[in-house]
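Heads up, the chain below is alone and in the form predicted alone; it's given as structure tokens.
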Amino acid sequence: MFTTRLIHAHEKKVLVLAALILFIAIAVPASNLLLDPGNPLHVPSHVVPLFGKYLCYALLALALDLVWGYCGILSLGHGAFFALGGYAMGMYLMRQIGARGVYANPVLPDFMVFLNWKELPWYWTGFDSFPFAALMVLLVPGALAFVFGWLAFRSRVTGVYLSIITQAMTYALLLAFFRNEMGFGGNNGLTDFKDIIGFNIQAPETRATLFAITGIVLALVLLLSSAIVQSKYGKVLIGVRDAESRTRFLGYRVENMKLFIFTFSAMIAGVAGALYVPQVGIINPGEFAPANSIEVVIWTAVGGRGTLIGPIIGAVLVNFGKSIFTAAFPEFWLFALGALFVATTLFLPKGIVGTIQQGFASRRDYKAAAEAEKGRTVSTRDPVDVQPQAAE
């Protein structure tokens, strides 16, 4: 009974992808820790955080798909929510360094000692506690999205204008975090992390665990997102995307519906940033760059927006290609990325997954039409007249 309800609550392809992600979340760490380096199935230790980064990007793309693919809000500022979640985790990791820093100050991070800060800023208070930092990972991006969305949606800002102001918000945060007096490390950001919850952040076991946690979180968020879009709220949300004025005329509070999904999406992006930082080992203002948010849009478009599984596939494929392409032709990567987006727009407007789904739907419609035509042909065939023979 529970399995039947679960299948009805989610699309089967979503369940398959979630199961595949969970399998990868277990298989990759197991391969790294349990198999000998000479084994062909062994995953090297330096590859584990790279794959973990791909999963973080997939989680970020999934967050964007909720607002763009299902609500029609093209946000060019999701990189800001990602970076804020990363900074919240980075602040916790910096507090864990303590006296092991270059200047051996038990309270102040090295960059504050270098800049002659005398005491820890008030907004760093509490970040020596992991639960507090985890709470801030959700609350800071969520609060910013709530305030921003409340002002924008109440003013009925839509379309390209909303996209522009989300990008302006990201750029403003970029400039703010670059300043040394903000207390976030300036241009260098936060780095040189030592521990996370008491475990050495560089140890293979810790990296494998972080990868597994990232995969599990991605699978859970995918299932939760699927439950949302398959619910009555999700159906109305699609109505907002396709016909906002008509949906408002039917009595729905469109602003509230947009505000909820925008805030929820920002919190997911913050979680993605928090998982990204300990695996990459650094967070700096470059994560706020508008180009990063545009890249997220490209991942989502390539995979197929409005499909949930498409953005995950697009994020992994594009970033895997980026890793290979930038190693061989680093100076041409941005041109290749732009060409990919143009080609997707011209030849795959629904993305990889959307195009495949459209092909299967067309095939089903063709078969259904053929069966219906066959049935009409049989039913309208002239009956055979049988004349009784006259009795002799």
Partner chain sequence: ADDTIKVGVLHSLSGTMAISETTLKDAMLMLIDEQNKKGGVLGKKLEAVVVDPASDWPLFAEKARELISVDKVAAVFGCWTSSSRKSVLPVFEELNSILFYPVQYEGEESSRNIFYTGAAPNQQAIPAVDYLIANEGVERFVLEGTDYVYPRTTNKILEAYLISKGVAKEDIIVNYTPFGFSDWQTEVAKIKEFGSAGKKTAVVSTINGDANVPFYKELGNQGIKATDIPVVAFSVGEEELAGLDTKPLVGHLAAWNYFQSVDAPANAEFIKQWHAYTKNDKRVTNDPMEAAYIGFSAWVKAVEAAGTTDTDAVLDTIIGTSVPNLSGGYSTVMPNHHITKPVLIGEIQADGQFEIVQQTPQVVGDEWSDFLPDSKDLISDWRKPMSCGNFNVATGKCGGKGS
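Computed from a predicted structure; not experimentally measured. Positions refer to the first chain, counted from 1.
The next section is about a form of this same protein that is not shown, the form predicted together with its partner chain.
Taking the partner from elsewhere, Glu205 is found to have every heavy atom lying beyond 4.5 Å of its partner chain in the predicted bound form. When contacts are judged by a 4.5 Å heavy atom cut-off, Asp36 does not count as touching its partner chain in the predicted bound form. Interface residue remark: Glu119 is not counted as part of the site for its partner chain in the predicted bound form, having no heavy atom within 4.5 Å. Although the partner is absent here, Leu41 lies well away from its partner chain in the predicted bound form, with no heavy atom inside 4.5 Å. Residue Thr191 is the only one of Thr191, Thr209, Gln96, Thr263 with a heavy atom lying within 4.5 Å of its partner chain in the predicted bound form. Interface residue among Tyr123, Phe130, Phe199, Tyr103, judged by heavy atoms within 4.5 Å of its partner chain in the predicted bound form: Tyr103. You can rule out all but one of 191-199, 210-218, 133-141, 306-314: in the predicted bound form, only 191-199 has residues with a heavy atom within 4.5 Å of its partner chain.
In the predicted bound form, Tyr276, Val280, Ile282, Asn284, Glu287 are the residues of 275-292 with at least one heavy atom within 4.5 Å of its partner chain, listed from first to last.
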